[in-house]
Structures are given as C-alpha cells and as structure tokens.
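Consider the single chain below, provided in structure tokens and representing the form predicted on its own.
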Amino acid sequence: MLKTHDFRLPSLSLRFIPVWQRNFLVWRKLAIPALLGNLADPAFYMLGLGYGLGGLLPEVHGMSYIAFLASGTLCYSTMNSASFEALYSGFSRMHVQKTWDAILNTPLTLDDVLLGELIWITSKSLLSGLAILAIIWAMGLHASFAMSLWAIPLIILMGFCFTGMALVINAISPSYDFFMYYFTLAITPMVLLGGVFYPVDQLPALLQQVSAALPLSHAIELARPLMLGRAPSGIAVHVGVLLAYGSLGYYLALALTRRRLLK
C-alpha cells in the first residue's frame, strides 16, 4: 500500500551520473548488435510498407506514402526503444540482477538510481531515433534539412515521455510476462491510432478523440510537419502533453518503486 512519504518530490542531483555511466559501459560491450536490432525492425517496416503500399497509394497529406510513413516510423522507433529498455533491461537491473539493490548499498539513493535510469534510457532511445532520421536524410524523405534538425530535440522529448510511462509498468510488474499487457493495451493502440501508418482523420470520430489523448499522436503531429519543412501548429499543446506524460509517469514510477524496494 502506498504511503504519503512515497509521494515526496524527487530529489534531483548530479549523483545520477554514475548510474548512467554504469549502464553505458555495460551497453557499450554489445553496442553494435543492440543498434542493429533497434534499427532493423522499424527500417524494414518503413521500407517494406513504404515502397509496397506506396506504389498503390496516391500522395498522403501532400507527401509520398513512404515519406508519410517515415515520420511516423521515427516516432514509433523512439517509443519502442524507450519502452523495451525501461521494461526488459530496467526490470533485469531492478529485479533479476539486483543491480539497483547493489547501488543502494552505496551513498546513492533510489531517487538517484531512477533518475539515472530515466536519463540513460532517454539517451539510448535518442540513438534509435537518430538512426531512423539518418535513413530519412539518406533517402531524401525530408523537404528541409534545417527543419528536420528540430526532430532531434523532439526525439529526446519522446524518449523522456515514453521512458516515464514504461518505468511505471516496470515498478509494478511481477515478471517479464506482465509487460505484454502494456504492449497490447497501450503500445499497440498508440501505433494503430496515432497516425503512424495512416492519417488520423480517416478514423471514426470516436477513435479520433481517443487518438487525441495518446502521446504518440502528439509526437507525430510535431514530427510530420518538420519532415515537410514547415513549423508544426499547436507546438505548445503537443510539447505540453509529452512533458506531462513523461513527468507524471516518472513521479508515479518513483513512488511505486519506493514502495517496492524501500519497504
């Protein structure tokens, strides 16, 4: 049962850096296979569907279908990378390998550990997003290189958002199998309703309303205009939604993790 002190505000300090460094050094040993794994799945979807369906479809919202799909894939890849790292790798460090327990025997606190995890996972998802962005640049699926550079801070923001959300699930999961509920009930609806593969305005009105509440939809609403070489509309709203999901997710994840590990 959650107690009042579990919900105290996070203690933010630079002591998260050793946690970030530890995760980076472990990841560096398998960096190339990890990057290829994160890149292959979204790249195959983008190229296969982009060229396969693209040959059958007219322009979508003023761009070729593969260009339309590329901006959605950029967001989808970043979301997946953050989610998988926060869930499977994060759960391994917390529950299976007991890495977090070992760190808590040092002067670091749980607040430092979770902040280090948040920033590490956000950093790792940035690499996945940049890999897709590099493909977009190489294939010329952008109208303005200068405008497409704004996708980089957007990738960081998306990584923060989806990491915060996934850490909540990590905090309450009894096993790896539990993650399937999150992917089935949260990630899949976001992919199908968020505008990755087709415009949201083609959905029924009710599903459009559901889509408007999903963070992936707001990310895509920012990414797609950037690939078209223009500034997105409603920037403050979209950024605010992503920040809110990430911040509230991190705060709740910290409270739930305090209850789990600091009994």
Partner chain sequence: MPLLSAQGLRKRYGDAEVVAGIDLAIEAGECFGLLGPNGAGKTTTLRLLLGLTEPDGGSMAMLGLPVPQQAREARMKVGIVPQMDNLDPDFSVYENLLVYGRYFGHPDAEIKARIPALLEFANLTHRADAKIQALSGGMQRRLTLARALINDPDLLFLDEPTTGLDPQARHMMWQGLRRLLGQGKTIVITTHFMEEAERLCDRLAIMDQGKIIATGTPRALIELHIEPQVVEVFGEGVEEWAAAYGRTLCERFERAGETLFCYTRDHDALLRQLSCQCALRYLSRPANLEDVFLKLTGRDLRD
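Positions refer to the first chain, counted from 1. The structure presented is a predicted model; accordingly, all values stated were derived computationally and were not measured.
This next part talks about the form predicted together with its partner chain, which is not shown.
- With its partner chain left out of view, the stretch that reaches within 4.5 Å of it through heavy atoms in the model of the complex is, among 169-177, 98-106, 183-191, 140-148, 98-106.
- Distance criterion of 4.5 Å from any heavy atom to its partner chain in the model of the complex singles out Val26 from the list Val237, Ala40, Leu57, Val26.
- Contact between Pro10 and its partner chain in the model of the complex is not found at the 4.5 Å heavy atom cutoff.
- Using a 4.5 angstroms threshold between heavy atoms, Leu256 stays clear of its partner chain in the model of the complex.
- Mapping the unseen interface onto this chain, Ser247 falls outside it, with no heavy atom inside 4.5 Å of its partner chain in the model of the complex.
- Heavy atoms of Leu242 never reach within 4.5 Å of its partner chain in the model of the complex, leaving it off the interface.
- Here the marked residues His61, Leu207 and Arg230 all miss its partner chain in the model of the complex; none has a heavy atom within 4.5 angstroms.
- Residues from 15-29 that approach its partner chain in the model of the complex with a non-hydrogen atom closer than or equal to 4.5 Å are Arg15, Pro18, Val19, Gln21, Arg22, Leu25, Val26, Lys29, in the order they occur in the chain.
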